[in-house]
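The chain below stands alone and is given in structure tokens; this is the form predicted on its own.
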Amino acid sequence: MSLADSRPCPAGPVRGRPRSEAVERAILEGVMQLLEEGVPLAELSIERIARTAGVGKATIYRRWSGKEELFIDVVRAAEPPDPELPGTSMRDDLLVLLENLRQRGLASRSSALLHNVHTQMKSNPRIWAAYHENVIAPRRALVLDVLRRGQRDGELRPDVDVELANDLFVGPILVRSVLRPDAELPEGLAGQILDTVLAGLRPVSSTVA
């Protein structure tokens, strides 16, 4: 699958000429090629991107207002898509979400490109804020929705702070992915985290499924 294949379609009207998926794919992959070559984000000019992708600058500006907006789409396209939740129980949904997070951690470790992309992104507050708004915040909201449903269904104590519970679930994987790159992210880790945390968060009368 190409990097551009996962890019969402715009909701509003398209300005200028009709979009060409092949052209957009060439632009996104042109940026990734430059990043693979170690070009810092600060040196990724629209001129250089256009030259690498084999398009004109106007072609890029018809699709993105500037390189920061373009870079957000590159990072978003490089990440795996959000998983489909089974909806059978809170634990089942959380297991799918945490396993997806573990897989993303493994991908970042194994890909020098992804590591470089995220490093450069964090050095630019504007890009990091946009990434947080468009990628991180929706994923966090998804976990919070699952936790609130778990409270309604009696799988989670009603007095539990779901914001804190979210951090308890995702924290161990994020720590191992970002702060402890030497730590393992083995298969079964998502289930181990879930069962450890849920042991203290379930209603007293609940039993492990």
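None of the values given here were measured: they were computed from a predicted structure. Start at 1 and count along the sequence shown; that's the residue number.
This protein has a second form, the form predicted together with another copy of the chain, left out of what is shown; the following refers to that one.
The contact residue chosen from Ala58, Val175, Ile46, Ala42 relative to another copy of the chain in the model of the complex is Val175, the criterion being a non-hydrogen atom within 4.5 angstroms. Only one segment in the set 25-33, 47-55, 63-71, 156-164 has any non-hydrogen atom within 4.5 angstroms of another copy of the chain in the model of the complex, and it is 156-164. For Ser20, no non-hydrogen atom is located within 4.5 Å of another copy of the chain in the model of the complex, even though that partner is not displayed.
Not displayed here, another copy of the chain is kept clear of Val143 by more than 4.5 Å at the level of heavy atoms in the model of the complex. Another copy of the chain in the model of the complex comes within 4.5 Å of no heavy atom belonging to Gly38. Not displayed here, another copy of the chain is kept clear of Arg139 by more than 4.5 Å at the level of heavy atoms in the model of the complex.
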